[in-house]
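Only one chain is given next, in structure tokens, and it is the form predicted on its own.
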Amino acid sequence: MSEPLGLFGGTFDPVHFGHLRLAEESIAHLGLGGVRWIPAGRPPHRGVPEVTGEQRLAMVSAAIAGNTRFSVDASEVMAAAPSYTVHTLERLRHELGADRALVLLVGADAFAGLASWHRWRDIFSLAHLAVSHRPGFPVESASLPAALAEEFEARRLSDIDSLKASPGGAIATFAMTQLAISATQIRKLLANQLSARYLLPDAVLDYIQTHSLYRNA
């Protein structure tokens, strides 16, 4: 495909409609040919997920089933090493070739902390970044750490169509529909035996109930 490929990583603990809307809207806003979901195995920047990597992988697979523009990558879950984004991007570059445009999808909050990521500057040589934000609240360099603000100003892309012109190196931003849903909120509801229906796909909720996940011990 000539269209850029979106890459969407996260713990997905559990995956919910907010994640799905971000991936869906990124295709329309950025002209992506599809989105590859990459559940983290051992995320180094966050606490240990409440369920196993295999279970989170199964929930993502259930959530995206039927959408031909979505695919799932199990490599981080299956790896024994911590899930560093730059290592995943290096693997995908080797797999997909040097010329394919890759677009790493991140939320505005995660992007603000990018400078704390392992080898964060190397990410720009491997992929573009696309930062989602709330409507009316664009990403501004003044709100970013100095080193990241400098990169943001130098790499910021105004013409989304030019994403496909190079394999990486640019930063795009896009506003997405805001859904007041969080994985933390869902876990709390489930731990207290309250309903989480309509916050995540029924197939994911069925998996959670079948395997007795997120229950309060």
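What we label the rigid core is the largest C-alpha set whose atoms superpose within 1.5 Å from one form to the other. The numbering used is simple: start at 1 and walk along the sequence shown. Bear in mind that the values here come from a model prediction, so they are computed numbers and not experimental data.
Here the subject shifts to the form predicted together with a small molecule, a form of this protein not shown in this document.
Asker: Applying a 4.5 Å heavy atom distance criterion, does residue 100 contact the small molecule in the predicted complex?
Answerer: No.
Asker: Mark residue 201 yes when one of its heavy atoms lies within 4.5 Å of a heavy atom of the small molecule in the predicted complex, and no otherwise.
Answerer: It does not: once the small molecule is placed as it appears in the predicted complex, residue 201 has no heavy atom within 4.5 Å of it.
Asker: With the partner left out here, check for me: in the predicted complex, does some heavy atom of residue 29 sit within 4.5 Å of the small molecule?
Answerer: Taking the distances in the predicted complex, the answer for residue 29 is no, it never comes within 4.5 Å of the small molecule.
Asker: Any of the heavy atoms of residue 184 lying within 4.5 Å of the small molecule in the predicted complex?
Answerer: Yes - in the predicted complex, heavy atoms of residue 184 and the small molecule come within 4.5 Å of each other.
Asker: Tell me, please, which stretch of 133-141, 68-76, 89-97, 118-126 lies within 4.5 angstroms of the small molecule in the predicted complex when heavy atoms are compared?
Answerer: Partner-contacting stretch among the options: 133-141.
Asker: Could you work out which of 149, 175, 179, 189 is the residue within 4.5 angstroms of the small molecule in the predicted complex, going by heavy atoms?
Answerer: The residue from 149, 175, 179, 189 that makes the contact is 179.
Asker: Would all three of 16, 22 and 107 be in contact with the small molecule in the predicted complex, where contact means some heavy atom lies within 4.5 Å?
Answerer: Yes, the whole candidate spot contacts the small molecule.
Asker: Using a superposition on the rigid core, decide whether the Cα position of residue 134 changes by 2 angstroms or more between this form and the one not shown.
Answerer: Yes; that C-alpha moves by at least 2 Å between this form and the one not shown.
Asker: Check residue 19 against residue 136 at the C-alpha atoms and report closer or farther in the predicted complex, compared with the shown form; the change is 3 Å or more.
Answerer: The answer is closer, because the C-alphas of residue 19 and residue 136 approach each other in the predicted complex by 3 Å or more.
Asker: So the Cα-Cα distance between residue 135 and residue 10 shifts by 3 Å or more in the predicted complex; is it shorter or longer than what we see here?
Answerer: Residues converge in the predicted complex, at least 3 Å closer.
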